[in-house]
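The chain that follows stands alone, in the form predicted on its own, written as structure tokens.
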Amino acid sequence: MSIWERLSKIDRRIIYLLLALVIIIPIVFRIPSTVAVSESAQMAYDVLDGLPAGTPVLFSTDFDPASMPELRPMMTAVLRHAFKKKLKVIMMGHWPTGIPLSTIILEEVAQEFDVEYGVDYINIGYRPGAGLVMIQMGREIRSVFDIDITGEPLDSFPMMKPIHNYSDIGLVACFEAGDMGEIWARYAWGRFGVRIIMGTTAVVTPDIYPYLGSRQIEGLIGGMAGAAAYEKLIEHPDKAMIRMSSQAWAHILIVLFIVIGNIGFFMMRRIERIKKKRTE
């Protein structure tokens, strides 16, 4: 078997083995990717970075376990940025599946900083109703969220005493796996002029760009690439940059095998044509 024939017929087990290695090695050795920061991710960063210390930021966490691998890294990065800027974090959600997951993320990040529950951050949980909840929050948060996730009255926490509606909140940061981000833009921005940034799964991101273009939202973190860009901006490489490294090397390897396979194929065809001419 000639070298060209070998190249055109590489054993699939070799391909799968090499692909597994280029995916696993960056994860095991935590090798971050060098990512380009998109304009939309930079916008989201700049909005939050420009808030004065002590400004309340509302985190809406509307996702499920299936979308957590994409949304967890970006939410973690934005929380780190918020705590580093000494902003007040209010966690809530419109998806019942989102709150248990986001609570884990919130508590993990809170442990990295010198922050106190009820003073620097709070988790007010889930309420059904979406659009109606958003409208009621624009009038008085306590009309829908009168207690936190542990059942304690909101007024028993120092950070919540001066916060009553959107006029007391500097920014809403939404982390979305579905269309809840669009509902935030329609009701919270459309009716109350709330400043909004969003983090979305890659499949949802194209649907949100019109809201960014019309300035109904002020920043967009799209998919794993957006999460990696935000990690780069806060100078804290983590899961997203590492996963993007695995993905990048996997793509490079696949393209390389496609090129090698095509070279082998066309060289084999050329050799066959030459042999055919010689026999004529």
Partner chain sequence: MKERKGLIIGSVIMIAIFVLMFIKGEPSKSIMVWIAAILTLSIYSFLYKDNVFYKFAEHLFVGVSVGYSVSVVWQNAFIRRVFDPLFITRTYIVNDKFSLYLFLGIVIPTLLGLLMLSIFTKKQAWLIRIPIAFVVGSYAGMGIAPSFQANIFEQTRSTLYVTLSISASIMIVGVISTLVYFFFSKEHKGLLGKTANLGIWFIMIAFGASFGYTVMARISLLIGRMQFLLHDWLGVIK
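Owing to the predicted nature of the structure, the values given are computational and were not obtained by experimental measurement. Residue numbers count along the first chain shown, from 1.
Omitted here: the form predicted together with its partner chain. The next part is about that form.
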Study note, to complete from the structure: As a check of understanding, the residue in G131, G118, G138, G178 with any heavy atom within 4.5 Å of its partner chain in the predicted complex should be identified as G131
Check your understanding: Residues in which of 156-164, 185-193, 84-92, 107-115 have heavy atoms within 4.5 Å of its partner chain in the predicted complex?
Key -> 185-193
Check your understanding: Counting only non-hydrogen atoms and a 4.5 angstroms cut-off, does D146 reach its partner chain in the predicted complex?
Key -> yes
Check your understanding: in the predicted complex, does I31 have a heavy atom within 4.5 Å of its partner chain?
Key -> no
Practice item. Would you check, heavy atoms only and a 4.5 Å threshold, whether R12 touches its partner chain in the predicted complex? Key: yes
Check your understanding: Should I242 be counted as a contact of its partner chain in the predicted complex, where contact means heavy atoms within 4.5 Å?
Key -> yes
Review point. Along 9-35, which positions have a non-hydrogen atom within 4.5 Å of its partner chain in the predicted complex?
Key: K9, D11, R12, R13, I14, Y16, L17, L19, A20, L21, I23, I24, I27, V28, R30
Check your understanding: Your call: A66 and L19 CA atoms, closer or farther in the predicted complex versus the shown structure, by 3 Å or more?
Key -> closer
Check your understanding: Given that the distance between the C-alpha atoms of D207 and A250 changes by 3 Å or more in the predicted complex, do they end up closer or farther than here?
Key -> closer
